[in-house]
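Before any questions on binding or motion, here is one chain by itself as structure tokens, the form predicted on its own.
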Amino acid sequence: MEFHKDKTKVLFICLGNICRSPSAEAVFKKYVLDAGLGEDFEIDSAGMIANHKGNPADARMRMYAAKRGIVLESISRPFDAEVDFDRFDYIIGMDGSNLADLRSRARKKEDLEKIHKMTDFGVVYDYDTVPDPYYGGEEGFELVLDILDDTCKGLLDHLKK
């Protein structure tokens, strides 16, 4: 299947880059690879804060993802407006707070046009946000993965059009 000659660059954003955005990165990579489109995409994740810089994803998130065959390999890094807005085509926030933070860091109209909400790509579920599971239990991590499974499929379908 042919897609783009140049890579489509996608950056997923959450608050700390240890639960939701690294999960979105891993789930989306899996769909891209399964579709035979690995050469067509550059996929990464980052956080709006630098508190977890250099750390792997949350151990609980990695455990629940692994049960679904999804490996979270990314290392947390903070969003860098001066680099990331120029590098990525799509910058996708997990919730309204992430979107507001991204918009406040936009330098120009073109930056704003790159910002999207993850749940806007939902097909099956009708959630307005990907909730932060950090302070919750098992159900929260499973819900995040359910939402990301749906929205990553929808995102890939959107980008293939």
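Predicted model, so just to flag it, every value in this text is computed and none were measured. Don't overthink the numbering: it's just position in the shown sequence, from 1.
There is also a form predicted together with 4-nitrophenyl phosphate (4NP); it is not shown, and the following applies to it.
Only one of 99 to 107, 30 to 38, 125 to 133, 65 to 73 lies within 4.5 Å of 4-nitrophenyl phosphate (4NP) in the model of the complex by heavy atoms, and it is 125 to 133. For the chain shown alone, Asn17 is a contact residue for 4-nitrophenyl phosphate (4NP) in the model of the complex, at least one non-hydrogen atom being within 4.5 angstroms. For Ile115, no non-hydrogen atom is located within 4.5 Å of 4-nitrophenyl phosphate (4NP) in the model of the complex, even though that partner is not displayed.
Of all the residues from 36 to 66, those having a non-hydrogen atom no more than 4.5 Å from 4-nitrophenyl phosphate (4NP) in the model of the complex are Ile49, His52.
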